[in-house]
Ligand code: AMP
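The chain below stands alone and is given in structure tokens; this is the form predicted alone.
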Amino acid sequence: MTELRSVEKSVKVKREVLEVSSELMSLMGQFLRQKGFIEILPVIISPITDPLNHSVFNASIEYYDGQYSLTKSMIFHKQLAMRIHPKIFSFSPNVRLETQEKRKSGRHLIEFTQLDLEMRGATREDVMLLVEEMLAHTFAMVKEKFESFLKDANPHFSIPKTPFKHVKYLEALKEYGDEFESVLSEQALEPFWLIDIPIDEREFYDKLDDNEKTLKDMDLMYPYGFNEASSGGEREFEYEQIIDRMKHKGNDFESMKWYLEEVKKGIPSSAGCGIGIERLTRFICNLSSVEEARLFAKVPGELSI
């Protein structure tokens, strides 16, 4: 049964946590601008949005004779933006109406914000190196400004050492079983990359590797049991390859017709990722849930202002 969350419960967030979250966005934006990125405005509604690789309730708006979807992620718009500028980022609001079983994960909200970035002509490795440098720089600046608060709030806080370790998905699955992500995250003392994820575990837009079994993508994982931080990789950009991948995944072509028409005109190769702001704030501040990382949090299975 859906619950109505009180205003008091919805806004029970420490002032210091909000200040850390605000500073994180400012620092990452500054870092990316120094690397030649420009910030673009987020897309809130569109006829196309990320189909995702797991089921969520549909969030859409009827408008005249058409339908807008609320943004689940800006993946397709990031690809199209590569025609205009080679390096872009956006602090993108995402709406994913997750099912109620995600309620107690500590990692899921039905409304969240992620730093979306994309680079024209880049590889997965380019993105990983950029993110590693950005996080090391951001953590150092946050420590300098909030050292007293973090000392009390998070005994594990440290500036991550680069380069991050790489772990291959199938090797980890074989060694630790289906719960390998949680096991590895619990064991880890530093962030690490999960790479070479099988084709059926991701969406059609992630670029297929030459072996045609795994993808040129990656997940960034936090240590101390905080699990997934970021997801991204290289993108499919050739029309026929995208069609083949959509057939393989069983995607609906009609819902993607706007995107496919744009792909026919040509889009550049690119790579990028999305980094959840609430999950990053939760990790740095050592919070029990992303619910504590923002005001007016929307938890799966509950209603909130």
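As the structure is a prediction and not an experimental result, all values here were calculated from the model. Residue positions are given as counts along the sequence shown, with the first one as 1.
Same protein, other form: the form predicted in complex with adenosine monophosphate, not shown, and the subject of what follows.
Taking heavy atoms and a 4.5 Å cut-off, does M28 contact adenosine monophosphate in the predicted bound form?
Flag for M28 set to no.
E98 versus adenosine monophosphate, in the predicted bound form: is there a non-hydrogen atom within 4.5 Å?
Yes, contact at 4.5 Å.
With the cut-off set at 4.5 Å between non-hydrogen atoms, does G274 touch adenosine monophosphate in the predicted bound form?
Result yes; G274 sits at the interface with adenosine monophosphate in the predicted bound form.
Any of the heavy atoms of F112 lying within 4.5 Å of adenosine monophosphate in the predicted bound form?
So F112 counts as contacting adenosine monophosphate.
Could you tell me which stretch in 193-201, 103-111, 176-184, 133-141 has residues with non-hydrogen atoms within 4.5 Å of adenosine monophosphate in the predicted bound form?
Single hit among the candidates: 103-111.
Just one of E171, D126, E147, E228 has a heavy atom within 4.5 angstroms of adenosine monophosphate in the predicted bound form, so which one?
If I apply the 4.5 Å criterion carefully, the residue I get is E228.
What residues of 166-180, in sequence order, lie within 4.5 Å of adenosine monophosphate in the predicted bound form by heavy atom?
Residues within 4.5 Å: none.
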